[in-house]
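Quick setup: one chain, the form predicted alone, written in C-alpha cells, and binding and motion questions come after.
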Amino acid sequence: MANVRFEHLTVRYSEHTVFSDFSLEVESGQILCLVGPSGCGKTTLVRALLGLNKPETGTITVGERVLFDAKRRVNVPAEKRNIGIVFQDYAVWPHMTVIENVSYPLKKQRRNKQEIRERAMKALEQVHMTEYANHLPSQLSGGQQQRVAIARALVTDSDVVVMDEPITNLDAKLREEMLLEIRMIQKRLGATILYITHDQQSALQLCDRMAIMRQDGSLCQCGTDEDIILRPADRFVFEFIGVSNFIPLCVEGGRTYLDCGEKIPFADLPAGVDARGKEMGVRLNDVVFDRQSPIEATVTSRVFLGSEYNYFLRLGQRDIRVQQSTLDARTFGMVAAGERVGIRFLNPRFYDGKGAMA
C-alpha cells in the first residue's frame, strides 16, 4: 500500500493548458474516484502518473518514492513505476489464454516460470477466475474479461492500481456486479486505487473519497461522498453530482418570488439570505408534494422507475423534476398528469451569479 501525491502539476499541449498548479492526494489503502466532465484532464493526470506524458512543473510521489520531479529532473520510466492499470476496453489479448494474459507483465520482467504461474494463479484467485485459467477471452463475458484485466493489474504487486473508466462498456447489471467486485478486491488486498470516471453514481457507490474536477482542469472539491452530496462546495458540484432543479429568485416590494416566467411568492427564504441576483438549487427528491403548500405546479407527466416515480412538473412557465419513492407515493396518494399539486422545497441551497454559495 502507498499513497499518491500530485503536487503543483502543470500540463500543456502546445498552447492549451490542461491543468495548472494541480495538487491532489490519494490516501493509502483507499479508493479515490476522480470525477469530472469529459475533457477536464482526468486521463491526462493518469498518463502523467503512469509516465506516459511529462508535466512542465510539479512532483508525483508514490509512498516515499519520487516518480517525477520537474525541478530535480526526476522522471522514472513508465515500465519501472510499478503501477497497475485497468483500461475501459479491457485490453486483453484475444490469442492468449486467461493465465497467459495475466502472466504477461511478469514475463516482461523475466521472472522464472514457477513464480510466474504461482503469482498469476494467486491474482486469478483474488478475482475468482481460477477455473477460467485456460479459457480464451472469446469464451468469457464482458465482466469476466474485465476481471482478467484487474488480475493482470494486481499480479505485479503494484503499489497503486489505476482504473480508467473500467466498467463503461458493461451493461447495467454487470456494472453493478463489477463495482462490488472492485470494492471486495480492494478490501481483501488493502490496495490503493485511483478510479477515473465521469459516472457520478458509480463513483458514489465505490469511493472512500471523491475528487471533482472542473472543465478547466482545476480541482473543485475533494471529500467523502457525504461531503460532496450534503456539503457541496459550490453550484458546479451541486449540479454535477446528481440531478437538480435551479430556480431564479427575485425581490419586488420587499417580497421574495420564484422567478418562473411568472412571479410566485416564496416565503421560505432562510434568514440572512438576500434573494437579489440569486437562484435556488434543490435535489429532485427534496421537492415534496404538500396539499397545504401555497406553491402549486401542474403535473405534465409521470414515469414509474420501479422503486420510485419520476414526475415532470410545470411551475409557472418553468419545467422542474421531482422524484418520489413508492412508499411516499402510497402515503400521499397517486398524482396524475394534468393535476395541480402543492409542492415544498426541502434543503434548498442558494447561489449567486458566479455559482458561489449565498
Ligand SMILES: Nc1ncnc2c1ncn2[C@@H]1O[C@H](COP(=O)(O)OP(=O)(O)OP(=O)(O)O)[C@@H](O)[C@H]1O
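Numbers follow the displayed sequence, beginning with 1. The shown structure was predicted, so the numbers you read here are calculated from the model rather than taken from an experiment.
Only in words, not in the display: the form predicted in complex with the named molecule, which the text now covers.
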Please determine, with the chain shown alone, which of 290-298, 326-334, 64-72, 31-39 has non-hydrogen atoms within 4.5 Å of the named molecule in the predicted complex.
31-39
If you check in the predicted complex, is E177 within 4.5 Å of the named molecule, heavy atoms only?
no
Report whether the minimum heavy atom distance between L9 and the named molecule in the predicted complex is within 4.5 Å.
no
Taking any heavy atom pair closer than or equal to 4.5 Å as contact, tell me whether H198 reaches the named molecule in the predicted complex.
yes
Using a 4.5 Å heavy atom cut-off, state whether E100 contacts the named molecule in the predicted complex.
no
Report the residue, out of E181, E239, D227, E165, that has at least one non-hydrogen atom within 4.5 angstroms of the named molecule in the predicted complex.
E165
Mind listing which residues of 96-116 have a heavy atom within 4.5 Å of the named molecule in the predicted complex?
none
